[in-house]
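Here you'll find one protein chain in two forms, each presented separately as structure tokens under the names structure 1 and structure 2.
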Structure 1
């Protein structure tokens, strides 16, 4: 009885939609035999994207994209909802996985010459999807809306403003206004949650349609060249001779790899948890350098390490040139050898890019070009007072971000000089002057401190002496 109902329903659905035979047809379409583990990165990228969709929707159920509430809702999600911290961690490591998989997929397609005739459009839609992925990473980080996020947005806009001709327009586009504020957050939210995801869905659809249209590229064989005149016929012939159905002969590797990736993401999320929320945002402190997530860190490190004056040009022209090269690639060389062993320059190029990104990433991690946003607060023994101006000054020292750049007795960041004994060195007047006006690489605080706060801050700094005793 039940079986009959199922069968009837199945037949009715199949008759009216054709969905089942369509899926069956797609799953069983012949692909070249000998597909290897190399081919798993594309489907893994898709899988990572689906994790982002699911975890992202879960986060959006609670997140409020307003400058006043975003930080508080994230704190709430992390600490007061069931699995909220875990979902945030999933979304974070899922993003990392997606960036890694896009990179691996691209490197593989490039190395094996799969972008050549007739798959030029597969490559081009892929390049767009790479761009969308990076925009998602950048905007997502700003939605975290802690001090680091706000500074990231401000610095990105400042850098963009240096671009010749379009600088002002670019900067306004990033911030949705002249400065970081409420509309920055709500517009970036729209970009991150509606605009780019819609584009990603559309282009993933197109990308997959193209994969079906041209078939999966056959593993390259040294000496067998792509000739646009004969390629299609040869491909059809080889499929007829020894093609295998996509499911299950080729797809099981995708399944296994995706499962391992999902497991790794879940384990990372459980072990390390979500990215820490820094101090609540203080948009008045925007003169520092932020520390973005790892997949953008290398680019910010390049910008920070380049000599002054060049970085404006680099920041605009490097992405344009890189993008143009990626777009032109399949038109510059759409035929000839595919095997990496016959295209040593392709291998050298990928190796160079990986080493360069790795080196700059490492430089970004190691160097002190940016404030440290994960500093531990100063303990009472170090402050030397539990109330009074010295204590209030120490609190301000943390609150105003001084500690992110300056070290006190081993606590704090390394961007600026160690201030453990600054009281021996600078008079109170010199301190006030310096803090008000700032210095090279140190923001000016004149507008951000009341006279009372300045006094307390200076009391704290004056007490930083080698033989200072707390007043009895």
Structure 2
């Protein structure tokens, strides 16, 4: 009885929609028999995105995109709802997996020359999907709406405002106004939850349609070049000779890899939990150290380490140049060799990008250019005195925030120069001039120090000499 009902329902749906025959046709489309483990990253990216959709819907059922309630609802989701913390962690590590997989997929396509004729549009849709993924990750961080998120939005807008010609427009676009506020959160919520996922779905569909139209690129063979005049015929001949149906001959690898990735995401979510929420947002507090999530940390470091004065031009023109090169690539190199062994420049470029991102990521993690708001006080043995002008100068050095940026015998921050032996380098008059007028990335203290305090601070700095001994 149940079997008959199922069969009739199946026949009715198939007759009215043709859905099952369409899915079957897609599943059985032939692929090169050599398409093995290097080809699993694309389906893994789609799997990670589906995790984001499911976990994101679950979070959106409780999340309130209001500046007054967003932080409280996330605290409630994390601590007071069943599996709320796990779902937040799943969403966070799913985003990380999606960034990794789309990056690995593009690297594989680039190395194997799969962007060449006739798959130029496959590459272009992939480039757009990479951009959408990064924007989705960035906007998702802002939706946490803690102290770090608010200042991250403010810093992003401030950096964008420094761009020539369109800086003001970019800043207003990010903040939805002149300053960070409720409208900022509402706009980024719409972008993160509605706009970007809709674009990802649309372009994933287009990407899959193009894959079905042109087929999965065969593994490159040294010496076998792509000739647009003969490639389609050669590809069809190779499929007839040794092609296999995608399901189940090739799909099982995608399923195994995706299952391992999902298991890794779940384990990370269980072991490490969701990203920690910082303090509630309070724009009046300046002791914040905003930074993006790990997959954008390298770009954060690049902007921090650029020479002063060119950040604005870099923020505008570097993404434009990088995007233009990615878009033009399949048109300026759509034929010829595909094998990485015959394209050493491609291997060198990928290696250079990986090393560069890794190096800047590590620099971003260390963030030596940021003030250290958790410095330990200078001990008496480092100060060299328990009272008097030198002692009072050391106290002022900490009180005025100088120790947050400058190192003294291993204590303090690394944003500014190490002042452990500054007394050997600068005279007292030169110190007074610098402290009073400030310098690059250093505020002027003329209005914040009395003459007596200035003398004490200079006495302390003058005592920072390799051969200095406290008076007896």
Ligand code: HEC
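Between two forms, the rigid core is defined as the largest C-alpha subset superposing within 1.5 Å. Note that this is a predicted model, so its numbers are computed, not measured. Numbering follows the first chain given and starts at 1.
- One of the two isolated chains is the form predicted in complex with the ligand, namely structure 1.
- Once the cores line up, the CA of residue 61 ends up less than 2 angstroms apart between structure 1 and structure 2.
- With the core held fixed between structure 1 and structure 2, residue 392 has its Cα displaced by at least 2 Å.
- Residue 27: CA moves less than 2 Å between structure 1 and structure 2 after rigid-core fitting.
- Core superposition places the Cα of residue 429 21.1 Å apart between structure 1 and structure 2.
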